[in-house]
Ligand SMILES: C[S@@+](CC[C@H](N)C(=O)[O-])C[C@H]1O[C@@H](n2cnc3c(N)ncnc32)[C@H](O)[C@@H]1O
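In C-alpha cells, the next block holds one chain alone, the form predicted alone.
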C-alpha cells in the first residue's frame, strides 16, 4: 500500500473519548529515540507475544503501531497465512512504517491511519498494544471496546512500562534526579508512567479472563551507554512540559551535557542502571461475551 494511499478511519469516534496527543511528538530525534527504545525492548516483547500464544495464521490488530516495530515482530509470528493491521493517528510515523514495510518486502502487514482507541473495522484473533495504555486517560474503556473486536476466546496482549522501577544501584544523585524529572514530566503531560503495574487488573476490569502477567527488567553496567542515552532522550522530548510545569529549568537540566554527565556519574559510583521494567499481560475474551 503506497504511503500516499494509506487508509484513514474515524470509526466510533463519537462513542469514545478523543485520543490524547502522543506526549513526545514526531521529530527526527524522537523517531530515532523510538527506534532505540524499540530495539532495547524487542526481546522482552517477543517473549510476551510468544508466551501469550501469538501463532501462525492469526489475524492481529496492533494498536498505536507508530513506526511499526511491534507489527513487524507480529508479522514473523503469524507467518504468511496470518495478517497484521497496525493503526495509529501519527501520519508521519505511519509514513516511515510503510516505507520500511515496502523496503523489507513484508506482505502480511498493512497500516491504517485512525484512532487506535475507537477503531472498529473487522474481527481479530488477537489485539496487541505496546506502550499505548501509558498515554490513555481511560484505558479500561479502550480495552473493553477492543475486546469486542476479538473472536470468541481471542487474545488481548498489552505491553507497557513501569517507569517507577527506574533506579541506579547504588543510588547516584544525578541519575535519581533525572528519573524524578522524567516521571513527573510524564504525569504533568497526563501520561501514567507506572501503568505497567496495573496491566493485569486493567484487563480483568475490561472483562478479559484467564489473565496472566509478568515483568522483565534489564540491568545495565556502569559503562553501558544505553541507560544515559535513553534517559536523556526521553528528557529531551519531555523538556517543554518539564520547564512549563516548573519541575526544572533548561539550565538545571543542561540537556546538551546530561548524557555525558550521567555516564560519568554512574561509572564513578560503579552503579548499575535499571531502565523501566517492561510488563506484559494477556487475557482472553470470555465465552459468550
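Being a predicted model, the structure only gives us computed values, none of them experimental. Positions refer to the first chain, counted from 1.
Absent from the display: the form predicted in complex with the ligand. The rest refers to it.
With the ligand omitted here, the record of contacts in the model of the complex names 135-143 of 135-143, 198-206, 212-220, 166-174, defined by a heavy atom within 4.5 Å. Every member of the trio 34, 90 and 130 reaches the ligand in the model of the complex with some non-hydrogen atom inside 4.5 Å. The closest heavy atom approach of residue 116 to the ligand in the model of the complex falls within 4.5 Å. In the model of the complex, at least one heavy atom of residue 64 sits within 4.5 Å of the ligand. In the model of the complex, residue 60 stays away from the ligand, with no heavy atom inside 4.5 Å.
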